[in-house]
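Only one chain is shown below, in structure tokens, and it's the form predicted on its own.
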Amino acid sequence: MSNAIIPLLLDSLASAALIFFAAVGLTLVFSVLRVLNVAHGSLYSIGGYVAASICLFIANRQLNPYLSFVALLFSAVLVAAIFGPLIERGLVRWTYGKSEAVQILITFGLFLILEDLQRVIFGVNSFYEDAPMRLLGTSSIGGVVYLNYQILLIGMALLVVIGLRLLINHTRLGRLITAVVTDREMAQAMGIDTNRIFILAFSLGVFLAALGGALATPTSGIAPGLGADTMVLAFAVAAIGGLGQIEGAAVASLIVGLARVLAIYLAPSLDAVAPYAAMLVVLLIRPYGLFGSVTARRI
């Protein structure tokens, strides 16, 4: 394998991993709640801002730099614990059963509020702290020196895919989620607390988005506008993979990641449009996405 192909593949996988964290949270929420959460991208950037703030605090206080890894995970948990129940109970619950247009308008309003809130709290300057990336150093893969942090991102994405499948197929919570997804009214008639399932599923989606933002901080930093960019990319991935399909989100993330990196390598000016060109090609062939269908509703 040539030295040009190895970094291209690794860069594609690392790019796909970061996209996947945001997209799989979006698709999980849609699977269970049947709500297209336009504010999902803002939760991604909030996770990044919180993680960067904690990492900078650790660096400024000259604490153990390895605490920054804990900070990345802690920030995602913190954002999910605060925003998950608050948004689901305070706003999203009022959209259940309403048309997609109403859901999109309401969550878009939330997106605008969260974007302004970020500017008020964190300002308009970029946040960047690369301590986790520096601490892990580099490795030689096929003669190519590569960042271990990028490899960690790929491993984390694989863990999320496996973890979600284990959660859904081999735990009581997963069976309850599947029952609610399959037939919400029947699940309620059987005594399942659907309100609790909705809070847990929405909070898990927020956690995945915030985790993606936190893990992105050491590589690309966080800046105003990231939430909008992430939201559009996550929707493109969800459309390619099929709405509500976890495996579809994984495969679509690989396609989008490869398209972006190929554009950067071969035609940098097309970097911004490459994901949407890939989406257009897929939707022309499969209008409901790679794993989607007209009637099936699976997670």
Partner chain sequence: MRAIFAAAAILTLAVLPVAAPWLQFVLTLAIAKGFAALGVAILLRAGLISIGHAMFFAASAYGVAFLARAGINDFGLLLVLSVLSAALVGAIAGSFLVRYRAIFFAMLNLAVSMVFYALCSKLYGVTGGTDGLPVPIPGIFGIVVTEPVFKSMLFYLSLTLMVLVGFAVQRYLNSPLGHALSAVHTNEIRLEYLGIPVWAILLIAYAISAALAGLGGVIAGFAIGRVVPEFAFWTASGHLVLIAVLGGIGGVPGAFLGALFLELLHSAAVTVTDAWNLIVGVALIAVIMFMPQGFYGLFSRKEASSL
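Numbering follows the first chain given and starts at 1. Not measured: the values here are computed from a predicted model.
The protein also exists as the form predicted in complex with its partner chain; that form is not presented, and the subsequent description refers to it.
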query	finding
Candidate from 228, 147, 82, 200 lying within 4.5 Å of its partner chain in the predicted bound form - any heavy atom	228
Sole residue of 186, 117, 141, 159 within 4.5 Å of its partner chain in the predicted bound form, by heavy atom	117
Residue 207, heavy atom within 4.5 angstroms of its partner chain in the predicted bound form	no
Residue contact check: residue 33 to its partner chain in the predicted bound form, 4.5 Å heavy atom	no
Partner proximity in the predicted bound form: residue 99 to its partner chain, non-hydrogen atom cutoff 4.5 Å	yes
Touches its partner chain in the predicted bound form: residue 112 (any heavy atom, 4.5 Å)	yes
Heavy atom distance at most 4.5 Å to its partner chain in the predicted bound form, all of 94, 105 and 232	yes
Residue stretch of 61 to 69, 236 to 244, 47 to 55, 252 to 260 approaching its partner chain in the predicted bound form, non-hydrogen atom distance within 4.5 Å	236 to 244
Within 4.5 Å of its partner chain in the predicted bound form: residues from 268 to 284 (heavy atom criterion)	269, 270, 271, 272, 273, 276, 277, 279, 280, 283, 284
